[in-house]
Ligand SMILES: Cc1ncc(COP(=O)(O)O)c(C=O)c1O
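Have a look below at one chain only, the form predicted alone, in structure tokens format.
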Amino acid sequence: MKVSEMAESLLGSHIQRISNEISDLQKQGKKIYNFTVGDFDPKIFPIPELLKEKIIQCYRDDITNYPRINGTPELRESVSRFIKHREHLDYSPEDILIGCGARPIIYAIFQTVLNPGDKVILPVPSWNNNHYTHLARAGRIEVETLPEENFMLRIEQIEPFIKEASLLALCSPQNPTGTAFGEQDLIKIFTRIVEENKMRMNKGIKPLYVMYDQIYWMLSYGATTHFNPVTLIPEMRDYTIFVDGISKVLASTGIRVGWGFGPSGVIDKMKSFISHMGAFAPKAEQIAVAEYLNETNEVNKYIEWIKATINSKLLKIYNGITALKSKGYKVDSIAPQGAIYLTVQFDLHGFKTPSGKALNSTGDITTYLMNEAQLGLVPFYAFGSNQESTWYRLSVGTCRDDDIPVVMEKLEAALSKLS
């Protein structure tokens, strides 16, 4: 059947494809340690108990009708206070847009600021920016980031493309890498964007906007500090659209409450996309989240717990990979800085399995790790990197502590069989 060119060329999710392979193996009775999904096992990471009680009470109170298009006043007011208290960002409730999670907010940003054929600067690897660019019928300027730079963009990499771009898509801490931007790197990027936009304003040209996805910002670990465009360079307020929500920091991916905030003129136009998609967060959840965010002590206690729990798992696996590297295995990892992800490397191209089969591709390596080490990971090519990249995303949202030593033992056994 004939469909639109956009739909015909829209790619499916590589992550989902790998998850389906794992599901098929699990149905056959095979044990797989599934570290592929950027989600949480609610038995390991339950949502805050108080938030759960408030959601249930809202349904008991029959709060089941449509919310306002841009979100309930209660939640927008609560988010306004929340970001002012935690990030010292002063945005009024009218500059805040509530969506059914962060994805509709991201979709609305792309649709609002881009014309067909406009260009988007996006780092690779990065989560789904290539697909949102495609949906907007825009052009991609993909910039390959480097492991020695923690897979984060630098001004030198994007400078050649700034004049032709309409949107710069950034995320920190980043999915899939679990790494974050440093202060000086961001200052250089945003200083250049302000300079570019002053020139565009004088010529009456649409500015270069920045989508700043900070859905993981409260999950920053150790010495890592989260920085945002507007605090670093106040002039960026006119060009920055933030993406945020409760999905990650409250382990509430299925609750579907996200928000965006930024220039009032852009946010006002984004409301129309949310309304036509019907991508509202459920009203009961909005009211409950508004009430919960006002409970500062409860919020702080939960965030402290989830940060400590996630970071502990990430560090245990990172130390395990580092120990394997010290034994001479062709593996590597980057110390975790944020989010629920660890960047790991399996540089195994050309090795042979016990059966004599050569690992000639990243796909071969992924399959070998799944079958022999019982370990499910997502290769960076699922996030736009080169097909033969040897780097992977490991997610700990479904990881039990007692699984980690077992996984490390099985992984070493699998690696030791290669020749």
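From a predicted model like this one, the values you see are computed outputs, not experimental measurements. Don't overthink the numbering: it's just position in the shown sequence, from 1.
Beyond what is shown, the protein has a form predicted in complex with the named molecule; the following relates to that form.
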property: Listed residue (K313, R76, H226, R256) with a non-hydrogen atom within 4.5 angstroms of the named molecule in the predicted complex; result: R256
property: In the predicted complex, the residue from C171, L342, V289, I241 that sits within 4.5 Å of the named molecule by heavy atoms; result: C171
property: All of Y221, N319 and Q337 with a heavy atom within 4.5 Å of the named molecule in the predicted complex; result: no
property: Residue stretch of 245-253, 305-313, 190-198, 88-96 approaching the named molecule in the predicted complex, non-hydrogen atom distance within 4.5 Å; result: 245-253
property: Distance check, D213 to the named molecule in the predicted complex, heavy atom within 4.5 Å; result: yes
property: 4.5 Å heavy atom contact, W127 to the named molecule in the predicted complex; result: yes
property: Proximity of A102 to the named molecule in the predicted complex, heavy atoms at 4.5 Å; result: yes
property: In the predicted complex, S166 touching the named molecule (heavy atom, 4.5 Å); result: no
